[in-house]
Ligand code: FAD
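Just one chain is shown here, as structure tokens, and it is the form predicted alone.
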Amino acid sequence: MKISDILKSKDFLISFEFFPPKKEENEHILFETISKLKPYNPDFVSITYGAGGSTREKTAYWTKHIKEDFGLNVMMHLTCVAATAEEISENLKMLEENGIKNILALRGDPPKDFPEDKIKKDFKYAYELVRFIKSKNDFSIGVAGYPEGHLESPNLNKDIEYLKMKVDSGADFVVTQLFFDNRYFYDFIDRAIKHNINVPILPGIMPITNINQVIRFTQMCGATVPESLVQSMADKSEEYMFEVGVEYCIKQCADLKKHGCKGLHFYTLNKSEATKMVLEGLK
């Protein structure tokens, strides 16, 4: 089912993101995670796409596998920075043949140490991918939003202009990058409204369960982690940090629901326990 249609018929959605395991021996972990989270009846689940399409075959495999074997509504991530129009068309054909209706259209990043002269030039930006998909196929298209701005954007106003281009090119909804301070999300919504971005925006959520995650996420995507949360985890046991992170995430999600957000999109990291505890805490 198209996510755009679900958003029209429901006031609040729950969704999960998974990534395809790089090693075959780790595939049982994803299988177990999906099995444990399926009882929460997600409106859709998404499958990530590696840098430059580096996990393309596994992404396609798990997209089909989750739909057929788990009976879940799936959205496949699709990146374009190192892809030709022909390669994108092949992906779209595969999705159509398997009855998959949803795509998260992303620019993506080229693989590390990828030669500049080897990067394909058919698509430079995500809005071009959105436009290409919209012109050829009948998919529900999601795009990424950045409450604190993309690392490459010069400022927040320019960042929201880039989002506007993706929406104007045919995007049906927005899924945000993870954030840990809801004020950034509310400011993002205000900027979107001022720029006449009227499609639904789903907040990206991930419980912080240890201090190493704080460091990694801050370096990776620039997400701001509240100092109070950092201090509460400092020099604590793994168990204590997990409890603190889950409790913080429950309060964060409750506040988002209170302010009328359209749903919660959980970045699971192929683990189930923290997400399960947050959802139970919200009941």
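Numbering starts at 1 and follows the sequence shown. Since we're looking at a predicted model, the values are computed, not measured.
Beyond what is shown, the protein has a form predicted together with this ligand; the following relates to that form.
- Interface residue remark: Tyr146 is counted as part of the site for this ligand in the model of the complex, having a heavy atom within 4.5 Å.
- Interface residue remark: Ile211 is not counted as part of the site for this ligand in the model of the complex, having no heavy atom within 4.5 Å.
- Contact annotation for Leu104: at least one heavy atom lies within 4.5 Å of this ligand in the model of the complex.
- When this ligand is considered in the model of the complex, Gln252 lies well away from it, no heavy atom lying within 4.5 Å.
- Across the proposed site, Asn26, Phe31 and Trp62 without exception lack any heavy atom within 4.5 Å of this ligand in the model of the complex.
- Interface residue among Ile205, Val175, Ile141, Leu95, judged by heavy atoms within 4.5 Å of this ligand in the model of the complex: Val175.
- Just one of Arg131, Lys164, His150, Arg191 comes within 4.5 Å of this ligand in the model of the complex, counting any heavy atom, and that one is His150.
- With the partner omitted here, the stretch from 191-199, 175-183, 87-95, 131-139 that lies within 4.5 Å of this ligand by heavy atoms in the model of the complex is 175-183.
- Annotation for 3-19: the only interface residue with this ligand in the model of the complex is Glu17 [heavy atom within 4.5 Å].
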